[in-house]
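Only one chain comes next, encoded as structure tokens, the form predicted on its own.
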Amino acid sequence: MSDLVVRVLDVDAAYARPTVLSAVDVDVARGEFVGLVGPSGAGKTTLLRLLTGGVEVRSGSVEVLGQRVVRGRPPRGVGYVPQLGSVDADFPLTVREVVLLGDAASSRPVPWFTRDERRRADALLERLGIGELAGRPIAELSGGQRQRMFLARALARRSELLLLDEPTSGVDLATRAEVLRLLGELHHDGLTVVLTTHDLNFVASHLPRMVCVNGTVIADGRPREVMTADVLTRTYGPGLRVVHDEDGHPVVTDAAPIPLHSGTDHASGGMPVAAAVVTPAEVDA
């Protein structure tokens, strides 16, 4: 069995007429944990969808788990967790039913699920800490609960490769930490994980590999090697700088804080108003 889970070779990709990604080369080995970063519209989500057969490959080749990927034919063994904002929370399904749909591709060709499939779905929900929510409509879930539900659905596909699009977007800090802990556990259990994120500093401090994307792959490697002023400028444009914390991890900050208002704040006795620092997430948005 090959150690290579993903192989994207010299790929141009598009949804319709415009090309979204050009000359992309990316390999992912079994057991890796990779973060894809870049500004909005740079092609991060497109790169994930390229691995699921959701995008037209105009040139080059895509292989996932030894399967040649073409549009409309999702490869087996891949679990995909979409952005929370792209999901209709009012769809009339229970949590258990959503998870069971993840197993539909490998279940028997009958319009119901077996007792074993239901037990497996419930076991996945228990593992992710929301077993008591199995019969609840998805409209009643919080953002963090919904994210765990979609993780369970992805795992129900008996996934070897887990793809996540902005898994911590739209959740509070406590939920963010919990989701990242769960991903760390899944990775420790042997799952290969690739995620997109706007949180550069999370990637720098937690993930062993980052891929900078903006229409193509700008840089690929360990965060300490990739997060340089030159790479960030080519990926995001000017306005960011890199410093290092006491452990040597790179930290991205804004190069020039932008004041909220010009002039002085007369209500505070003529003192200059406080400056608002633009965070990396805000720059990316």
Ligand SMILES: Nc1ncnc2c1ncn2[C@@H]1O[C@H](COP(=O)(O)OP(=O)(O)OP(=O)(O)O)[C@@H](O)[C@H]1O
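Remember, predicted model here, so these are calculated numbers, not experimental data. Start at 1 and count along the sequence shown; that's the residue number.
Not on display, but discussed next: the form predicted in complex with this ligand.
For the chain shown alone, G43 is a contact residue for this ligand in the predicted complex, at least one non-hydrogen atom being within 4.5 angstroms. In the predicted complex, this ligand lies within 4.5 Å of some heavy atom of Q83. Contact annotation for R118: none of its heavy atoms lies within 4.5 Å of this ligand in the predicted complex. Using a 4.5 angstroms threshold between heavy atoms, V11 stays clear of this ligand in the predicted complex. Annotation: in the predicted complex, residues D25, F33 and L207 none come within 4.5 Å of this ligand through any heavy atom. This chain is displayed alone, yet in the predicted complex one of G221, G66, G239, P39 has a heavy atom within 4.5 Å of this ligand; that residue is P39. Residue-level contacts in the predicted complex: of E166, D199, D122, E97, one residue has a heavy atom within 4.5 Å of this ligand, and it is E166. Stretch 44-52 is the contacting one of 241-249, 221-229, 44-52, 58-66, since its residues have non-hydrogen atoms within 4.5 Å of this ligand in the predicted complex. Interface residues of 15-32, taken as those with a heavy atom within 4.5 Å of this ligand in the predicted complex (partner not displayed): Y15, V20, in sequence order.
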